[in-house]
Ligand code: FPP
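One chain comes next, on its own, written out as structure tokens in the form predicted on its own.
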């Protein structure tokens, strides 16, 4: 199922309305972001992005029978603020100079500004989360702590040529899938249906797995123009991702020895990429991705048929075939 013109128009309209209010939330905050320079940094960082997590909050709430758009959007702000803050910190740790086709804050303004801007956005998100009844604030806080855990795991395991598949999955759960899971969980909780909330939470987790696996595939197969950042950047940073893991698991000892040497030398990433492709790393990774998306789709069985359910299914399947 592909997104059609109606779907794209809806998503564009949702993003436009969300972004208009989102900018106001940051621009009008008087508590912490009092200096014009810091406010401009925050607004600049908020530009771009798909707003995927806020749309998941909206769709989950709608499927659970909740329709107060102002509260739904407010909850979407919380999730997006945390997401953007995590990107600011990730860019510092990765020493990245490009994000979404633009120079990163750490590249333009320095690491201190990037870190402090991220800290501000986290604090704003937590203040906004407290507007909602328990256990929503606690769920958001725990999910955000998983982001730090995932980044820590990735940092500690960086450069590990023999990273296992299970460790990889643990990393991407904490780094990515947990916020998809959180968005679906808190959105559906607004409707008060525990059964639907449980299903949609797991849907979010599987969708998050598929999203990150696709990201890791695109690091090998994508283009700078579409991704807005250099390809093979994971290899350059010493990160082992699923195409590499599955290629290594399909290789004989002599091939592994050769690739380990190339990996350690970090001089011929093109050869490593060719090896990954020749050993079906990309195809196998796509198969794993499709399996997670299938699991996600199956969770929607039994939930009433409606446009929101159809759109959620399309978004999940579009995750596998996207180019950016």
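Numbering follows the first chain given and starts at 1. Predicted, not measured: the structure shown is a model, and the values here were computed from it.
If you look for the form predicted together with the named molecule, you will not find it shown, but the lines that follow are about it.
- Residue contact check for residue 122: one or more of its heavy atoms lie within 4.5 Å of the named molecule in the predicted complex.
- Put simply, residue 93 is close to the named molecule in the predicted complex: some heavy atom of it is within 4.5 Å.
- Mapping the unseen interface onto this chain, residue 215 counts among the residues with a heavy atom inside 4.5 Å of the named molecule in the predicted complex.
- Taking the partner from elsewhere, residue 148 is found to have a heavy atom lying within 4.5 Å of the named molecule in the predicted complex.
- Site annotation in the predicted complex: the residue of 73, 248, 205, 239 reaching within 4.5 Å of the named molecule with a heavy atom is 239.
- Taking 196, 235, 178, 87 one by one, only a single residue has any non-hydrogen atom within 4.5 Å of the named molecule in the predicted complex, and it is 87.
- This chain is displayed without the named molecule, yet in the predicted complex the stretch 140-148 from 140-148, 158-166, 188-196, 126-134 comes within 4.5 Å of it by heavy atoms.
- Scanning 255-271 for heavy atoms within 4.5 Å of the named molecule in the predicted complex gives no residues at all.
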